[in-house]
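Before any questions on binding or motion, here is one chain by itself as structure tokens, the form predicted on its own.
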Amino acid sequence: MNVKAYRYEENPLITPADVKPYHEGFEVIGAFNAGVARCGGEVLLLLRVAERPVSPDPGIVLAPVYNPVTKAVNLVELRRDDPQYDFSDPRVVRDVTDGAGFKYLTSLSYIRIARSQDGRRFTVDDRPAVYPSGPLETFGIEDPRVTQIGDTYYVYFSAVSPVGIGESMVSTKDFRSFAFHGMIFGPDNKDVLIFPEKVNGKYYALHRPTVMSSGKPEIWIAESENLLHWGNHKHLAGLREGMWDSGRIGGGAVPFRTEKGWLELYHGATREHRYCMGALLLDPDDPSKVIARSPRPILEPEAEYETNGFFGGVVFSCGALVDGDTVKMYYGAADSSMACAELSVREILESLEYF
């Protein structure tokens, strides 16, 4: 069966035009991929805000790099006609001479909070909530997720620097002051999701190593005694040839309990970089076991704001709120804006292919 998705009439809820740049001489090109929390009667979106320096010369790309010593953002000038660099991907600059990943990012990302009473109309804070602060974050921090355990909210995000992409974590009780806990998954790793409660005395987290030797960008699971040190890593779910998740997969929203097990809303992309959302159902007592999986997406880029944007053809969720049978899945649209769609837990469970 198909899962019906009700997209909010207010979509997109937040666009780059709604966010004032924090850096002088920069423009906001993305307010997207937000972690989600409820706190103090409000719905909070922890936005990934991406800001790009405005170049006065169209022949020059300015790459922003945070300096943890001076706490300033330095701009590296790169000429578009320099044969050393590849500018074909608007998100990154690649050095064609070394063959290794990207050399620079074209924007700097940080976390900024948007607040709402009804989950539909948001106001964006004037200043960042979490900003790059150390040598492992010089290219920015991206794609936050939020897990609430008791009265503490754990916020974790991709920390990007020239030495790789890892996952770092902070915690807060009020989203005004934050305690820093350092990097919990080393490079290259991202798409971490921490379960909201212990299972048989252990914390669990999903993660997505980026492998360079063998293997593919797929979902793994790990366990911990203290949320900081993770081990007993296991491969959880892989790519599926010829399907909507044949190119790469990774965790999306924080898993939540249902009557049949842990439901994880994950993202999958084709080799052509079309991103959709689907679901995994994990064993309630052993989340390292997959019970069922979506044969078809539960949400795919169809609306104009999902198909057109900074990087079109993308729906990418980092958080959801569950009210009874209703999942309010907040998601980044086209690497530009935030939107929300409501789905039925029952319909998602009935749409899965059980093993």
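When you see a residue number, it is the position in the sequence shown, counting from 1. Owing to the predicted nature of the structure, the values given are computational and were not obtained by experimental measurement.
This next part talks about the form predicted in complex with a small molecule, which is not shown.
Partner contacts here mean any heavy atom within 4.5 Å of the small molecule in the predicted bound form, and among 90 to 98, 235 to 243, 168 to 176, 251 to 259 they occur only in 90 to 98. Exactly one listed residue, out of L206, A269, V130, V160, brings a non-hydrogen atom to within 4.5 Å of the small molecule in the predicted bound form: V160.
Only one of V199, L227, M183, L105 comes within 4.5 Å of the small molecule in the predicted bound form through a heavy atom, and that residue is L105. With a 4.5 Å cutoff on heavy atoms, E264 does not count as touching the small molecule in the predicted bound form; it lies far away. The small molecule in the predicted bound form comes within 4.5 Å of no heavy atom belonging to R112. The shortest heavy atom separation between E142 and the small molecule in the predicted bound form is within 4.5 Å.
Shown alone here, R52 lies farther than 4.5 Å from the small molecule in the predicted bound form, counting heavy atoms only.
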